[in-house]
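One chain comes next, on its own, written out as structure tokens in the form predicted alone.
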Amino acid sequence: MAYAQAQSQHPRFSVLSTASLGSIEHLSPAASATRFSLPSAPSINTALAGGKTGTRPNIYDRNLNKTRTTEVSASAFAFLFSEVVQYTQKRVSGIADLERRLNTLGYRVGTRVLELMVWRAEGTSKAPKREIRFLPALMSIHTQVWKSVFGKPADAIEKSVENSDEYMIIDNDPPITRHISVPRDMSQLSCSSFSAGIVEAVLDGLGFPARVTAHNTPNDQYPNRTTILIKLEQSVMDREEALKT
């Protein structure tokens, strides 16, 4: 019970309530076996042509290093993300709520991206390095993370002139929003909040907690230009200042 309470307080995750847990027993196989029945399915290990027996390849048996350069169809990705946006849009109360939910979805993806990149780094390097300064970590997000997720590095990194705790990642043509048409009444919406969630998760995992948001910053040359704004927590700024001495 203590575990359930701890999980429910985390802003990124949610658990079933006590009331809903009590109803799960009605969905158990034992309870539903008398009401529903399915014909026995053939075994996955089927006889192939010529009398040879083969097994279906398991995705968990793949070598993650060999799939480093594997690409996903752009049309399939665009269709999937479009469905995610439309599904989420029907369950929100406004633009801010929609961006928050897209950010949360991106955060969950970002935790897995970081885990995969760390695993690959430790598997291919004899002395893997963990960045303790913010700028090198930001550069790795700009190049390695962006290329791993979107197939290309981001276009630029900028630092705010007015606020020392704010940094920006610039993407002139985000692949994630390339095929999304936003209605005029929702012109303030930035679907790149999904990308902002990925960046926030990676920064949290690396030990640089920050609040990350996405903003539309179009210009004449790049109408889909997007800025990912990173606002670091004060603890990160204090540590950076201490490491300078």
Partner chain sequence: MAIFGLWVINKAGGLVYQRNIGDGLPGLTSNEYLVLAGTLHGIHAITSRLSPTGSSSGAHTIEGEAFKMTILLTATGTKFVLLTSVVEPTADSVLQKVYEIYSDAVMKNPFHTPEMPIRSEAFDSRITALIG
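Nothing here was measured: the structure is a model prediction, and the numbers come from that model. Positions refer to the first chain, counted from 1.
Below, we turn to the form predicted in complex with the partner chain, even though it does not appear here.
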Spot the stretch among 75-83, 140-148, 125-133, 163-171 with residues whose non-hydrogen atoms come within 4.5 Å of the partner chain in the predicted complex. 75-83
Considering only heavy atoms, tell me if N58 and the partner chain come within 4.5 Å of each other in the predicted complex. no
Please determine whether S181 contacts the partner chain in the predicted complex, using a 4.5 Å cut-off between heavy atoms. yes
With the cut-off set at 4.5 Å between non-hydrogen atoms, does L206 touch the partner chain in the predicted complex? no
In the predicted complex, does A210 come within 4.5 Å of the partner chain, counting heavy atoms only? no
Between 184-207 and the partner chain in the predicted complex, list the residues on our side with a heavy atom within 4.5 Å. R184, M186, L189, C191
